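Below, in C-alpha cells: the form predicted on its own, a single chain.
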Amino acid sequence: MNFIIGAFKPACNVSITFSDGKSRKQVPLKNENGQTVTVPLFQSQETIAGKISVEPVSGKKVEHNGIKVELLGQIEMYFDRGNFYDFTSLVRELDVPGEIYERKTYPFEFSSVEMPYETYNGANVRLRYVLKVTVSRGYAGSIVEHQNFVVRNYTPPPSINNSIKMEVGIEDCLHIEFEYNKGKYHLKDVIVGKIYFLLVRIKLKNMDLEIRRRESTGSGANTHVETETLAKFELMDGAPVRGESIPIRLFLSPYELTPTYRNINNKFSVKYYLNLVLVDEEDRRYFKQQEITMYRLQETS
C-alpha cells in the first residue's frame, strides 16, 4: 500500500522565494480554497526577481525535459471556472533537459513588468497574478508549483474634483437638494455633504445613505450585474421640516473598497454609487443614486 501512495508523490519539491521577500510589504489574499494567505505586494513597472529551488525527494534523481518559470496575469470568470484568460504572459527558461541529483537553485528576474490591472476578487470574477514553475516530465507527469502575489496601482489626486449637487423630488410632495463635497474619493477618504429639505409634504420617518458596489461581467446578452450594499449609514430618524439641513460625514476607511475599474480587458467593470434612501410612514421607499469614482492613493508609510 505504501508503494501505491509513494507513486503519487511528486518526485521533487519546488519552492519559490522573492529576492526582497523579507523587506517587501505582505498583504492578505484569499486563495482558491477560500483560505486567507499573506503574499507580497507589487505595483506596475516593478522588477520581480528571486530564486527557485528544485530538490529531489529522498535522494532520487529527477529526469526532466526542461524547467521554466512564467509570470502570468489572469482573469477567471466564475461561470467558466478553471478557464483562465491570460492578459500578461512572460516566460524564462531555467534549465535545459537533463537530470537533477541534488537540490539545485535557479535565479530568475522579470524586469519592469507591465501590470496594468489590480488584483481583484469579486462576486463573479477574479483577477490574479501568479508565478508558475513547471518541471517538464513526459510520461511521469510535469511538476507545477504556483506562487501568488498581489498588484495594487496608485493614482495621484485628481487635479479637478468638482462637487456633486442635485435636486430631486416628487411634484408638490417632496423637494430636496443634496450636495457631496466632491465626485472622486480615495479609499480612506471622508464623504462630506448635506441634504436640504425645500418642500416636505410626505411624512418621512428615516433616511439612509448607502455605498453600493456594482460589478458587471461579460458583454452583450451575456452581461451579468451584481450589486452589493457595502455600507448603510443612518442620516436621519424622524420627520424633517421644510428648511431643515442634514449634514453628511461618512468615513470610507472601515469598508473594503477597491478603486473604480472601467472595462478591465473587456471582461469586467466595478463601479461605486452613493444611494440615498428615504422611507415614509407607509414604508414606501424613495431612492436617488449617484455614481462616484474611487481611486487608490499612495499610502504613506
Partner chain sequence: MMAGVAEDEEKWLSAGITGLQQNAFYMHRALDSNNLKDALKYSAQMLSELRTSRLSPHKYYELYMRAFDELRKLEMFFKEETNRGCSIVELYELVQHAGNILPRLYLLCTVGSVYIRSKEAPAKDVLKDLIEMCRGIQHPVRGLFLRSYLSQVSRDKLPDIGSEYEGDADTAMDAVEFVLQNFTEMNKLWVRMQHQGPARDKEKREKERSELRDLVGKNLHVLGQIEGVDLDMYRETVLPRVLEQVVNCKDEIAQYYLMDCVIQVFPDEYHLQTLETLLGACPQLQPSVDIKTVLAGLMERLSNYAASSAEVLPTFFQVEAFAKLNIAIGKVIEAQDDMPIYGAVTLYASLLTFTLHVHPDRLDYVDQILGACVKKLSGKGKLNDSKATKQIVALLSAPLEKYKDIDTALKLSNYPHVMEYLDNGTNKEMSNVIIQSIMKNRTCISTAEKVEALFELIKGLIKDIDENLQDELDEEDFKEEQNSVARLIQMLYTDDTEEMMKIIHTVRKHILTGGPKRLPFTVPPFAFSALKLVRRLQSQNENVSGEEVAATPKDIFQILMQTIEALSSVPAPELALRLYLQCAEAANDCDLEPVAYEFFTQAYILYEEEISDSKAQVTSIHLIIGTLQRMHAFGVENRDTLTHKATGYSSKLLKKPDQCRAVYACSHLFWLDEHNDMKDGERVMLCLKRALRIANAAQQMANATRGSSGSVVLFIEILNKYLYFYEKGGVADYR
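Just so you know, these numbers come straight off a predicted model, no measurement behind them. Positions refer to the first chain, counted from 1.
The protein also exists as the form predicted together with the partner chain; that form is not presented, and the subsequent description refers to it.
Contact annotation: the partner chain lies within 4.5 Å of heavy atoms from the stretch 236-244 in the model of the complex, the single such stretch among 66-74, 270-278, 236-244, 31-39.
In the model of the complex, the partner chain sits within 4.5 Å of a heavy atom belonging to residue 232. Proximity of residue 47 to the partner chain in the model of the complex: non-hydrogen atoms within 4.5 Å are absent; the residue sits far from the partner. Of the heavy atoms in residue 253, some are within 4.5 Å of the partner chain in the model of the complex. Contact check for residue 249: a heavy atom falls within 4.5 Å of the partner chain in the model of the complex.
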